[in-house]
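Next up is one chain by itself, shown in structure tokens, the form predicted alone.
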């Protein structure tokens, strides 16, 4: 993934603020005004102090003058502290609009990522970038950014007012500030690196949790609970070490800034006292500097904390933009289109060459033809490349040589949307989304009527168990939590394929998760649905293989043999050996 520098992340954030950049700069202007008011207040206090001292020494008391000065001080504090509500509300608004924009982009990205990216990246890490990192960034803009900007402006305003009050005393802080910021910069550089590693490790933890929970039945069935617990414990301990290290490293910021502020304050008191004794400094000016000395310690300290937290937010933003910049499936300008009503279902591989990486070719000069209505059984040992063949048919991956044709049209000349609408898939691993049973079936045809949904359910023999449910077709289900068995979920997947009425079927042993009795009726339903349609069946059972028009035998990612059951037995090759051994084509 592409790594981002902080300045690049900040510039991207401003771009994604869109029309709300003006509102952000308005908020920044308000921050400048209120901090200038707070920085001016000690100067007014010094004037009030000199006025009172004049009264003590001369006995001449001007109440009107004192009232104006006190009123001015009250106005400064009222503006300085009264505008916080506007700032907080505005930054919450801006942060949520920015988060909305980024989440929309993330949602767009999720639906357009290449299959290769999905295959190579843990789901939990992707979820962490879209949820945890997004929330961390939002919180940083809402709470950390106003503190960072406010304290920086306040510190600059105090420095300016110090120069207006007394140049010699101001120089004490001017000398101390560069030393402070150089030290903070060194600490921040190390902190940013540790924060990135911490967030990266959090993504690994989320990936493990997601993977373990989604496969918790298999984990328990294979007695891998202790192993997964140990793996999580190791990741958790490593995360704890990184988190402590990040807080330990960043924890130096505040003590260091406080130390520099207190040292400066000591020099201020000594120098100010000496100047008063010499008569070069009034009591009011010295009082103002005491206020400034106390005040400037706060922004320096708060600035270090805010800067530290903002580093964490920028780290999250960097992870978000790394994800958003991942390659998508390219936009296409199809040369041809296929009318779904006119597709015949002829599929041909012509000298196909393919490899997942350029340096490793899996298929070389592969050719075969499936005529309309043919049933093609794809067999071979585990890892032979059966799924690869399906990936190429659906253009989840593009070939490096040769052609794959649908009805004599190169599938590269069709849009992926147009191509995939011609296919219906029922995979061994069922996919059920959060929604009603009717919505899950109608996913294959979004505009389907209730009558069409019920008809498809009956053809898939799942209407009987649906009607037994309390809410029937309106029963709410999800993949992780439902009252349906694995076999019943598979039946819903079959009904979904039936209602789509595709011209080419891809079946990954669709009856593998149902009992023998259910398998018999489902097999009949599938055979009825396959009539007149080209079907590719990833077969595991020998009876499925024998009934196929052609058998594609795969091994080591490549197609080794293509022919009918009888033709391949006569060859006495790979298929004949598998068939003679009596083992299933798994």
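Predicted model only: the values in this text are computed from it and were never measured. Residue numbers count along the first chain shown, from 1.
Omitted here: the form predicted in complex with a small molecule. The next part is about that form.
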property	result
Option touching the small molecule, based on a heavy atom within 4.5 Å in the predicted bound form, out of 154, 422, 384, 466	384
Single option in 242, 362, 459, 276 placed near the small molecule in the predicted bound form, where near means a heavy atom within 4.5 Å	362
Residue 388 within 4.5 Å of the small molecule in the predicted bound form, heavy atoms	yes
Partner contact for residue 443 in the predicted bound form: the small molecule, 4.5 angstroms, heavy atom	no
Interface membership of residue 119, the small molecule in the predicted bound form, 4.5 Å heavy atom rule	yes
Contact test in the predicted bound form: residue 77 vs the small molecule, heavy atoms, 4.5 Å	no
One stretch from 376 to 384, 287 to 295, 143 to 151, 161 to 169 that, in the predicted bound form, holds residues within 4.5 Å of the small molecule by heavy atom	376 to 384
